[in-house]
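In structure tokens, one chain follows: the form predicted alone.
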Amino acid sequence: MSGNHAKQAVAAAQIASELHLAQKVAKQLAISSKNARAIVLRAGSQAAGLAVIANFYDELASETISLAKSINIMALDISTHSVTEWRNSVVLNKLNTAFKLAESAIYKNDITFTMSKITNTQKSLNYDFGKLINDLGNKLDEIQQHMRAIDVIAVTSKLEAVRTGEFQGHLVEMADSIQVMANKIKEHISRSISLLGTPR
């Protein structure tokens, strides 16, 4: 395994772990968003403006859970690619040694043919690996954007809660809790992006 791919495979495993924690928080976030929606329904017409906001919370939390799951699958693909790349590198090194030792052998060109095939496979693996790392970065960015949106929505819902009379306290408390959860998820994503080593 090349040093670079080995580091990225380890980073992928660490990212999967961070995302597992983020996924747990996102599930709590989804429950909180359902609670917020229930309070909004109880508040009736006083909280009409908050109904859409509560739906946004729920939608963003569900998408975050789904993204975290797909990132875990991607992390597994990265590890698998790294192992395959390492195996091919080992075979190439051994064939290279055999080629040098077989200087006067009749079938020496058979070795070069096999080496060429494996080299092409390596190029293809490197391309796929780069694409996987890029896709992983994009999905992490997407979750980060969801959390920023939730943060903005929480601030807006606190402002809207002023009009809900007796429900204001519950709704503000709920929005504060949602912001805390969104911040926790953002921390896990920031650590993941940092592990990926891609400035975003």
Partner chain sequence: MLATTLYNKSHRWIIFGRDPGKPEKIIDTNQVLITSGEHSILLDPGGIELFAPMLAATLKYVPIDHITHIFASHQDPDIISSLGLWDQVVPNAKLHCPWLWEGFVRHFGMNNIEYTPIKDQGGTIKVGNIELQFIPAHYLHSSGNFNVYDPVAKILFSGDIGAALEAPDAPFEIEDFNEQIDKMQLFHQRWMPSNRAKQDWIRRIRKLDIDIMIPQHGRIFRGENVGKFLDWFEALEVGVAIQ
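Quick caveat, the model's predicted, so the values are computed rather than measured. Residue numbers count along the first chain shown, from 1.
Below, we turn to the form predicted together with the partner chain, even though it does not appear here.
With the partner left out of view, is residue 110 within 4.5 angstroms of the partner chain in the predicted complex by any non-hydrogen atom?
Residue 110: yes, in contact with the partner chain in the predicted complex.
* Answer yes if any heavy atom of residue 73 is within 4.5 Å of a heavy atom of the partner chain in the predicted complex; otherwise answer no. => No, residue 73 stays farther than 4.5 Å from the partner chain in the predicted complex.
**Q.** Contact test in the predicted complex: residue 80 vs the partner chain, heavy atoms, 4.5 Å
**A.** No, residue 80 sits far enough from the partner chain in the predicted complex that none of its heavy atoms falls within 4.5 Å.
4.5 Å heavy atom contact, residue 123 to the partner chain in the predicted complex: Output for residue 123 is no: heavy atoms all beyond 4.5 Å of the partner chain.
Check each residue of 91-116 against the partner chain in the predicted complex and list those with a heavy atom within 4.5 Å, in sequence order. In sequence order, 91, 94, 95, 97, 98, 101, 102, 104, 105, 106, 107, 108, 110, 111, 114 come within 4.5 Å of the partner.
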